[in-house]
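Below sits a lone chain in structure tokens, taken as the form predicted alone.
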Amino acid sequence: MNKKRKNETILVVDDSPDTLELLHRSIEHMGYKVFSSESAEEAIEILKNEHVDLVITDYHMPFIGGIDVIKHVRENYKNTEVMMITGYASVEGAVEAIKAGAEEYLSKPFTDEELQQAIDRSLEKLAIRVMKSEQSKKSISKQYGIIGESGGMRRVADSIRKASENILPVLISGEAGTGKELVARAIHYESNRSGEPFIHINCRGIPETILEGEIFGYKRRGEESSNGDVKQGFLEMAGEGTVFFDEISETSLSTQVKLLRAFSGEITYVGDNVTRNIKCRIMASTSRDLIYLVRRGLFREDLFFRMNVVNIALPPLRERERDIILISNMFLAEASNEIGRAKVPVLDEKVVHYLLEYSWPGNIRELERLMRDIAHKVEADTIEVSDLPSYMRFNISEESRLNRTLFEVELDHIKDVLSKVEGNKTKAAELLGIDRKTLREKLKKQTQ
């Protein structure tokens, strides 16, 4: 009895038209979607344009053989299984196929039942591997607070897993509030360095006059070196752990020169000339366009390329529509639990629409503050549009909105953000993704 499958797609590659036709009809009868190819070159083109779950390839083919097909699939399509069939069965051929990455090796002639069993085993192995991969991504997300089911965040979770398996430098880019520090911590605690320190350095928050000493350590001038007059910096204190430079774009060019040496495992204390070795892993983040800063001479090109070995780009919240409501409900539940609310409030359908339409300049951080504020202030079980802040609601006509200049729209938004953070310009600049100087200049234009 034919058993209908779950839409798995199989690609059959064989240079014999008769064999290819026979396999195509047999596999199609089993309930699978089937593509056929008489050459490896044609098979490669099909793989580029179609999702394929299993490739069944002949061993002996002209020009490009079955082993090369297996290697190509293994190196380019991690969610595709490979199975080898051959009319020239040998132990050496089987070993070669398995080493190349084939999950099954089937010798001609074979029955439909033997073919079915081999296909079942291959697809079962694929399903287990995909499931483990998805579980790994989900566990990383849940464990470190990186919530999201959108394609962008699935790619981030995959990047975290890969980065945790090596010690290469990592540059995490993304707008303010997208969770760059969470990603850095996830990489560290998923790695084999998790038992070592994770040191977070806020390059924007430490005055430049003391930043170098805190990073590299220092020796007091005019004194002989001893335990009492030298101080270790973060890079040395981390041991074999991780040092994370948050907003590395804010460091001066002189500090960047010394950081370049640190990536090679060497530092020198401020006020000293002795070279010391360090063993920590270095990661960094930026919310600014470093390539733009390099072109303007504000960031060293050699340092950029030295630390941009692994790049993880976090998507802004406005591009994660699938995640916005998921994250909102999570923050509402957390805040409700903290204040002892018996029931977590739910979002009205119109509120969902407004949340999805809003641009979220402050990203996750802004959404968290909003949901926590609502959970504390709104006593009803349902959150209505009127519970949202004024800057998120439509309170003026479409015509008047369209008649406003870009400067007026931007200025109004700045005022709303300042009002939300009670006039704190540092917090406002952080939410807006700009520095305090830029914020002051924009506010200054208001009075001109």
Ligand SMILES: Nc1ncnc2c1ncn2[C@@H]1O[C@H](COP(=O)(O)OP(=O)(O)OP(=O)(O)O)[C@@H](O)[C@H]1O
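When you see a residue number, it is the position in the sequence shown, counting from 1. Remember, it's a predicted structure, so these values are computed and weren't measured experimentally.
Keep in mind the form predicted together with the named molecule is missing from the figure; the text below concerns it.
Only one segment in the set 174 to 182, 74 to 82, 268 to 276, 119 to 127 has any non-hydrogen atom within 4.5 angstroms of the named molecule in the predicted bound form, and it is 174 to 182.
At the 4.5 Å threshold, heavy atoms of Glu247 reach the named molecule in the predicted bound form.
Although the partner is absent here, Gly145 sits close enough that one of its heavy atoms falls within 4.5 Å of the named molecule in the predicted bound form.
Within this chain, Glu368 lines the site of the named molecule in the predicted bound form, having a heavy atom no more than 4.5 Å away. When the named molecule is considered in the predicted bound form, Ile327 lines it closely, a heavy atom lying within 4.5 Å. For the options Tyr354, Phe234, Phe331, Tyr218, the one in contact with the named molecule in the predicted bound form, meaning a heavy atom within 4.5 Å, is Phe331. This chain appears without its partner; in the predicted bound form, the one residue of Ala186, Met153, Cys203, Ala238 with a heavy atom within 4.5 Å of the named molecule is Met153. The partner is not shown here, but in the predicted bound form the stretch 292 to 322 reaches within 4.5 angstroms of the named molecule through a heavy atom at Arg320 alone.
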